[in-house]
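One chain comes next, on its own, written as structure tokens: the form predicted on its own.
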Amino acid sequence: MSPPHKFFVAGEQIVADKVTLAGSDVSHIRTVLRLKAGDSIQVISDSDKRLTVRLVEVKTKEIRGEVIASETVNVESPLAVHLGQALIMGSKFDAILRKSVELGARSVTPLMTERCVTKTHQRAAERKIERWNKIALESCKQCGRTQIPKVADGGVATLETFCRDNDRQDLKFVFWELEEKRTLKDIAPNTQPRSVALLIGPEGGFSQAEIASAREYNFQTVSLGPRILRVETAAVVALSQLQSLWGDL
């Protein structure tokens, strides 16, 4: 038997063990999955609980269900990682987003930096943000996360805006190909960090001026090794190392 299908719902849609689903979830349940009253689904609502819900009413615009089981799950990393990723060509940003969600990133912010090849205008950015949030949602379902990461919460940002917004994170890193000495293994915080902000540049890397700007906000430059990595590889390696050192890998 295949596992129940997962759906993320807002907290206000769960009242006294009664669950209401609306919007696109209704169409998916009715016309794609063809579920009926009596069938069960899994519901997650930005908490450590995974609910098993039996469908009670399946209507055209609304579906009602009742919670029949609740399971506490521990799948979110104790390390809140906030990724600032420069925009890159094609669908590579989409791929980085998927892997970042799988690796436990708490938020992903697209950045427009000096050497970005792609340029995103406001209307195009809004369409991309909608798609990126759908990707994050689907990735959460796939990997079993209970919290949906924030993606482009304030739109496409500048490097300075990201640095300023993440000024209070416990650790702050900018991964830079010209850093030849310091790696994450050389970082020895006095206490276990609970949050990290990291910056990863576009295909052409960060400029010297951008590195200087990040350092003004106390971001440390670190290396990912002696070889120059593709952007999409760098993001996965950086997140994996952070989770291995201070997270849950």
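None of the values given here were measured: they were computed from a predicted structure. Numbers follow the displayed sequence, beginning with 1.
What comes next is about the form predicted in complex with a small molecule, which does not appear here.
Exactly one of the stretches 216-224, 187-195, 65-73, 37-45 approaches the small molecule in the predicted complex with heavy atoms within 4.5 Å, and it is 216-224. Residues Glu177, Leu199 and Arg230 are all found to lie within 4.5 Å of the small molecule in the predicted complex, as judged by heavy atom distances. Shown alone here, Ala234 lies within 4.5 Å of the small molecule in the predicted complex, counting heavy atoms only.
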